[in-house]
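One chain comes next, on its own, written as structure tokens: the form predicted on its own.
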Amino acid sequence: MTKRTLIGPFKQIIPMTGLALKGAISDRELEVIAEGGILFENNLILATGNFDDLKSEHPDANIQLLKGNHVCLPGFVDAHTHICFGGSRAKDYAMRNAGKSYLEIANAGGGIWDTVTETRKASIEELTKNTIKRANRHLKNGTTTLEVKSGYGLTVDEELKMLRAIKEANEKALPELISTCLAAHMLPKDFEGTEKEYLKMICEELFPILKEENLTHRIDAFIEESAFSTDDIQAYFSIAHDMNFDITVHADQFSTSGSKVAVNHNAISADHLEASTDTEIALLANSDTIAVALPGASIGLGCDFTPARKLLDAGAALAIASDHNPGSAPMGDLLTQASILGTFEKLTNAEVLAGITFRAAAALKLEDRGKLEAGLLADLAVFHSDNYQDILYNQGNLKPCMIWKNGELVFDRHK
């Protein structure tokens, strides 16, 4: 017989309940449970509330008593990463900061193609091992669920190698990994044909295997002048939709048009959006597509942030993700990046926390996490503090002291 577990007392629990999926959120709307407890059984939360009340109501529960002041949040959800890769792009970073252009870096052997080359050299065992290592680092920073893209293989066999590595890593990593196929990352240099011919080949040869092996239910594409045009991608997304894949889009990073494609194809999310204008903002706000800001890319490239404030004020749903990748976003610290975005875009604590919890979960179509309420997964990020405001105030320097994933204590900084 499974024993019910009660954790607490927490100085504060921030359950992220009762908040809208779309639009601005004031800090006054945040529910704060003082001297709280969380009751769960197996991997699901049964109740949150006053610790003493829950203790009285469930006298047979296994008590995990906390000493000192602690604040509890839902485990973070990182809805956009590229942590399955080979090699390093440290040279690119140094060249970029020294003033070299994207073209100059590419001509010197850098850029995405460098990572493609190194990822192709890596074995599936190496990719699996490194993906697990990076994922577990994310967990120690509070992330209990993270999306992981392919896109550095760019052949059928190499994309399969990446997605199989991600699937194997998910079985062994501490956080849960949600895979996405980004075979439409760029036209591979060694493909003898046009963009449309490459995409047609991926649809015909890769998509059926993704279904057969259950490697992913998500298809992504980079819509940009240096990658795939809106015209190129129409048939690709139509086929993906017909095959019941969910669609997400790298949109509006350097030029606009990607967000319009995302909305037209009922994409779950449109990610990046640094170049979005009022036109794209209004389009996203009037759709069900989640806008995903990637402040790590802005920090890594030294470019503008996603217009998060305008998106929220227009009524959009805003998630925040790390974009952890070897080229433009090598930091991979979601909490630090979200804190910085909040400073520059004047976001409330509630908006930032929503962006890395339940709104980020919505960007992955996950309705079972992102809040601390009955029936949802017992994914908890716990911090040494007596005030939840300390978490963003410290801009990522205050790390979680304990992490529960699916009701299990998977990280304890005290041990």
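For clarity, every value in this text was computed on a predicted model and none was experimentally measured. Numbers follow the displayed sequence, beginning with 1.
Heads up, the form predicted together with a small molecule isn't pictured, but that's what we're talking about next.
Is there any non-hydrogen atom of Y102 lying within 4.5 Å of the small molecule in the predicted bound form? Y102: yes, in contact with the small molecule in the predicted bound form.
In the predicted bound form, does R89 come within 4.5 Å of the small molecule, counting heavy atoms only? Yes, contact at 4.5 Å.
Is there a heavy atom of T145 no more than 4.5 Å from a heavy atom of the small molecule in the predicted bound form? Looking in the predicted bound form, residue contacts with the small molecule do not include T145, since no heavy atom lies within 4.5 Å.
Please run the contact check for I112 against the small molecule in the predicted bound form: heavy atoms, 4.5 angstroms, yes or no? Judged by the heavy-atom cut-off of 4.5 Å, I112 is in contact with the small molecule in the predicted bound form.
Which of these stretches, 118 to 126, 247 to 255, 304 to 312, 156 to 164, has heavy atoms within 4.5 Å of the small molecule in the predicted bound form? In short, 247 to 255.
Among T289, T216, S339, N325, which has at least one heavy atom within 4.5 Å of the small molecule in the predicted bound form? By the 4.5 Å heavy-atom cutoff, the listed residue in contact is N325.
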